[in-house]
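Consider the single chain below, provided in structure tokens and representing the form predicted alone.
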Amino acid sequence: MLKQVRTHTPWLLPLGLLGPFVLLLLVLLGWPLAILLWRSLQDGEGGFSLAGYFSILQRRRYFQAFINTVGLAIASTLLALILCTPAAIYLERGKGWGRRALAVMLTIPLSLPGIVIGFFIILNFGMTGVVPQLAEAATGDRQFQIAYSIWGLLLGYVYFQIPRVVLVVRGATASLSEDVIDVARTLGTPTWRLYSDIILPTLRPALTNAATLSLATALGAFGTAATLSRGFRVLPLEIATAFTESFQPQLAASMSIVLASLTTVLLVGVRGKQ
């Protein structure tokens, strides 16, 4: 009997610690999602209705916002992967005194709300931003005033995703086998083949995780879009408008469920393939 107790005792502590986490998850996630789902299926008189979901598909404004949200998330994720993967590899495997300073700079966006990041874009690319003023001083024509365009919004999203990609890819880079890389170099493997045949295939799971995290973050981004959007609507902005301005709780709840479902399918799908 004593042996049996000792055998099962190590499982008791993790199981006991899991209880508060599950309770917190149910209170902060499960219950609100259930309420949103219930509200999305209720009409103004308390009856069952799918009008909120049909509005997303039938009304051009909301369907376009959905397409904008997905397109912006995909584009910003691809750009973040292209820009941040070499930086993450350098931070982990490179040498030089500037690595630590660069690592700090690349993780700063984690501590900044989306509104602040939007202000950064305005300060640099707004009507009187630094870059347009420098362009005017150099060419006589004020250019690159992109803060309130789709390009400024895309830039803000990419900036917001930088630390998420860097941290995930950098952690995976630390596990690369030095012996394999040294052998490849000894055999005269070119640098581009070293990356294409060894480093990038090894980092593929980390790149997939980083892309998934970036997509999920971009799909629900609000602060940056609220600061920079001028006519280019995304689903989080439409949700806020439906809740606060036009008071359409069913429509807002329906869009929230669609957004949450899309993110969940994305995360579960990626995890299921690994």
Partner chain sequence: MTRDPVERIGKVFALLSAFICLIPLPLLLAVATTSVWQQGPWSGGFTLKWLQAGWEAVSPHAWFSVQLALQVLLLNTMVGFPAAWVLARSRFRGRQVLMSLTMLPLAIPGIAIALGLLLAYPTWKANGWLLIGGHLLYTLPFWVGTLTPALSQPHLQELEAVGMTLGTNTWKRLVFITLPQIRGALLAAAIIVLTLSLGEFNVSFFLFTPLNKTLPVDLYSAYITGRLEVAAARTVWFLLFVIPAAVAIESLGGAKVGQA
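Owing to the predicted nature of the structure, the values given are computational and were not obtained by experimental measurement. Numbering follows the first chain given and starts at 1. In this text, rigid core is short for the largest set of C-alphas that superpose within 1.5 Å between two forms.
What follows is about the form predicted in complex with the partner chain, which we do not show.
- Remark: none of the three candidate residues (56, 151 and 154) comes within 4.5 Å of the partner chain in the predicted bound form, counting heavy atoms only.
- Think of it this way: in the predicted bound form, the partner chain has a heavy atom of just one of 187, 174, 104, 137 within 4.5 Å, and the residue is 104.
- With the partner omitted here, the stretch from 47 to 55, 221 to 229, 65 to 73, 204 to 212 that lies within 4.5 Å of the partner chain by heavy atoms in the predicted bound form is 221 to 229.
- Among heavy atoms of residue 217, some come within 4.5 Å of the partner chain in the predicted bound form.
- Within this chain, residue 143 is remote from the site of the partner chain in the predicted bound form, having no heavy atom within 4.5 Å.
- Heavy atoms of residue 183 never reach within 4.5 Å of the partner chain in the predicted bound form, leaving it off the interface.
- At the 4.5 Å threshold, heavy atoms of residue 93 reach the partner chain in the predicted bound form.
- If you take 157 to 174 and check each residue for a heavy atom within 4.5 Å of the partner chain in the predicted bound form, you get 159, 160, 162, 164, 167, in sequence order.
- Residue displacement note: residue 240 has its CA displaced by under 2 Å between this form and the one not shown (rigid core superposed).
- Once both forms are fitted on their core, the CA shift for residue 57 between this form and the one not shown remains under 2 Å.
- Relative to the superposed core, residue 34 shifts its CA atom by less than 2 Å between this form and the one not shown.
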